[in-house]
Structure formats: structure tokens, C-alpha cells
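We begin with a single chain expressed as C-alpha cells, specifically the form predicted on its own.
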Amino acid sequence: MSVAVELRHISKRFPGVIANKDVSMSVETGTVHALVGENGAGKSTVMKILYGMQRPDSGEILVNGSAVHFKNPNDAIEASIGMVHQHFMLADNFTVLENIILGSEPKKGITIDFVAARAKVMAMAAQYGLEIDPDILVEELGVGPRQRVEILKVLYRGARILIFDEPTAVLVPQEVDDLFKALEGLRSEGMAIIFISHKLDEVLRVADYVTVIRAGSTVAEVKSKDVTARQLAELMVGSELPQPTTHGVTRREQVTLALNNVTIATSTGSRDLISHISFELHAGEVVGIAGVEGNGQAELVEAILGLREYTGSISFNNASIDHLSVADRHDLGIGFIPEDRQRQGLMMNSPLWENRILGHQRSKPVMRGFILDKNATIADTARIMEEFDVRAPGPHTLATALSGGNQQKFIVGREMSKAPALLVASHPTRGVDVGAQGAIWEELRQAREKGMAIVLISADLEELIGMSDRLLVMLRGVVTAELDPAKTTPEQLGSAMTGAA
């Protein structure tokens, strides 16, 4: 096979940080080549360099044997490179077809030739097994269909080298299977695919080759059939692969959270977003909420936090919180790890010490009476960074400069700092490496042992099963099953989530 893209000795520095140091990688046509490493190891930086979003300080890039110098992503697209980002870049108020052709519209005179565009897009969708409805608004799509739109968008622009950044982070098992079928079709057509992931079992399942980088440098390039997940983990972080498990029964008599017939109606009066949800959560207990995205889990979280109006009742430590604001509920002892760390959990262009304030602006150490205690906040930010292994130069570092895993560890540390009685953890390890995963799982384990009640929502079924004491399955806004994690397999849970069981 010929080499589609080659990175030679790529290095990149930022103020106070060496992101890449002598990274090399060779990707052949007709193969899936995985790129793995800890958060902060330099994966995203080197892929942004390949896609023209950043320029290397040294090293070179070869595409089909010829040296290239990209000034921006348009240059990379011209060289047949496309990137499917972890955070989708779609216009919600446009149709699927409009999103795919946006910026590359075929013209018929001075108007857009939608007939030709539709024919080309539908032919590509059929060729690669990427089923879509071209006329539906993107805002009406779930995560899996949105990803298919992103893939078709880069293929429409002629990409032959595709970069997938954490493509399975938000997918349920059935959607992962569909994605991998699509990748197999792309590979068989001679595409070169770079697959960035923290899920090592998926890496070994889909990739032909794996490049491992640690601390900004390439440490190994191996054939996937020659290594195990444990060996890859050791190459990445120098330790064994952590497992999402809890030990013993820590549930206490005290009921921390109680929901009674909680319902959220739609504005149109059609099917409720969630309907008659009732359950109790005890201190020292983890209840996992399983469901395909879009089946009411997000709305349930918003009701508990006070972000949505609802009927029914919610009690916290045997007292109603129905009429309390979000801030009042937080002050009572309800913590929150958000689903989208960048949109819901951080001010990306602000320093970490300012991000420490978010949600805690009415309590110590952030406040001293009615005055912001900046020095104490900065000192406590440094403590969080040390205790939770947040890798950044210091409290004045902008949140946007941190890798995704370090952003997530910072949010976990911030929420745990107040030792809440109830933690609502929505996808707490989404998009983080095995090292950060293990650290976050350990924090949740210790909090459970100390009596914290935890609502855990995750698309990672192994995480749900391993970390939960009970599992509730949501389908179309209703709790359809309660399962014992000790007696449930990921396949059985996936079936329950889709209504097949």
C-alpha cells in the first residue's frame, strides 16, 4: 500500500507548554490508523497541525509523498484531508442537505443547484452506508445521525484522508456498530482514516495500526493485532487499564433525593419530555440512568437542578426543593458535572481561577462575606490542580489551553471541593483518557463510600454497569426498567435502552 500521509518530527510549543516534541506517524491508504495517548499528550495538537488549524514549529508533513505547508484548513481540504470533530460543527436551523453543501454549493447560473447537490449527496450516502434524510432540520437529529452528516460533509468536499476525533464518545453500542460499518466501507474504497480514541477496545476492534504518543512524543507504532488493551494502556500511561468498579454496599438509610411523578410537558402538548418519573436515592448509593441520547435523561437532570419547570415533586434530604432556584439547590448541597464541559461547565477564555468561582460565588473560599477573595480563590484553584492532577502551568492558565481531560478533571475537582450530599454526574468521563478515567472513577468511589448520593448518566455502558448500585432505563421519557448491575451485561442493557428487550 502507498503512504497517504506522513508526519515527520513534528514539534509545537505554546507558552509554558511543549505540546508536541518529535511526533512521527505514517498512515497508509486503505487503512484505519488509530492515534492514542493521555489527555494532554499532544494528539489534538498534532491533528490540528495536519488539518491546517495550527502551524508546526518544526517538522514536515507529506501527503501522497509530497511535502505540504498548510496555512489554514482550506489548504488541508484542497489536499483531500477532512476532519470530523468531536464537537459537531453544524448549523441547527439548516437542513441536512444545506449543512453538507454549505460553502461548496453547486451552482446553476446564479442559483444553487439543489437537484444536483441532492443527487450527489444521496449517492454518497448509499455508497458508504450513511443513511440520512436530506430535508430534516439538523436540530431534530440525535447524535448518531448528526455524525453521519459530518462524515458526508467532508466526503462531499472530496476528502480521501479522514480524521475522526473521538467519534464514539457520545454513541451507544448500536450507533458505534453503524459507525464502524461505515469506516469499513471507507477503508475498502481506499481512504486513509486516522481514528483518535480513548476506548482501547474499540481501537483494537477497528484499527489496523496504532500510534501511541506520551508527553508530546511518539513512543510506539504497532499493528493492532499484535497488542492488547492492557499493553496499550501501559504504553500510554505506564500503568494497567483501570476498571469502573465499586466495592461493597455503602447505601445508608437516609434518603437524599426523592422524585415523585416528575413530569415535563412539551409546549405543544404532544408527548411529555419525561413522564411520571419516581425513584428514591439513598446516601452512599449510585443510581445509573441508562438511555439512548434524547430519551429524557437531559431533561431529568435539568429538573433535579431546577433548570426546567415540572409537575410532581422533588425532595432533598426529606424537604421539598420544588420552589428553589438553581443557586439555592446548589447551596443546599447539590453538585453537578455537566454533559458538555465547554458549553455548560467552563468559561473557555477565562483563567482557571475565575472558572473556580462558577457555581460557588456565594460560599467560601471564593467569598469572604460579600467580597470576592481573589487570593483565596487562586490558592484553592492551585489545590484543585494538585489534588486532581490537572496538568497546566497554573491557576492563571486559560481554560481553553487545557486538554479535554484536564478540563474535565478540573470540573470534577471544583464540584467535589464542596463535598455535596448529592452529585449529578452527566457523562463524567466523556472524551477523557484511561488515566483521567481511572482518577474520576476513584473520586466517585471515595465519595460514595463517604455517603454521597450520586446520579450517574453515561453513554459508556461498562461505566454504568460497573459504577452503579442500581440501573434505571429510560425510553421515550419513561423509566421502563430497573436492573441489577451485577446481573446485567452491556448487550442486555443496550437492548433495554432501545426497547428491544
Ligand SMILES: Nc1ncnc2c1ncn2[C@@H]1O[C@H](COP(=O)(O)OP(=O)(O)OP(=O)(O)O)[C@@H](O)[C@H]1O
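For clarity, every value in this text was computed on a predicted model and none was experimentally measured. Start at 1 with the first residue shown and count on from there.
From this point on, the text means the form predicted together with the ligand, which you will not see here.
- Message: With a cut-off of 4.5 Å between heavy atoms, is residue 90 one of the residues that contacts the ligand in the predicted bound form?
- Response: Judged by the heavy-atom cut-off of 4.5 Å, residue 90 is well away from the ligand in the predicted bound form.
- Query: Contact between residue 45 and the ligand in the predicted bound form at 4.5 Å, heavy atoms?
  - Reply: Yes.
- Message: Does any part of residue 401 reach within 4.5 Å of the ligand in the predicted bound form? Heavy atoms only, please.
- Response: Yes - in the predicted bound form, heavy atoms of residue 401 and the ligand come within 4.5 Å of each other.
- Look up in the predicted bound form whether residue 406 has a non-hydrogen atom within 4.5 angstroms of the ligand, and give yes or no. Within the cut-off, so yes.
- Message: Counting any non-hydrogen atom inside 4.5 Å, which residue from 166, 98, 272, 178 sits next to the ligand in the predicted bound form?
- Response: Of the candidates 166, 98, 272, 178, 166 is the one lying within 4.5 Å of the ligand in the predicted bound form.
- Item | Answer option from 434, 41, 455, 459, heavy atom within 4.5 Å of the ligand in the predicted bound form | Contact check passes for 41.
- Message: Quick check for you: of 32 to 40, 64 to 72, 445 to 453, 472 to 480, which stretch puts a non-hydrogen atom within 4.5 Å of the ligand in the predicted bound form?
- Response: Going through the listed ranges, the match is 32 to 40.
- Message: Residue by residue through 14 to 36, which ones have a non-hydrogen atom no more than 4.5 angstroms from the ligand in the predicted bound form?
- Response: Those in contact are 14, 17, 19.
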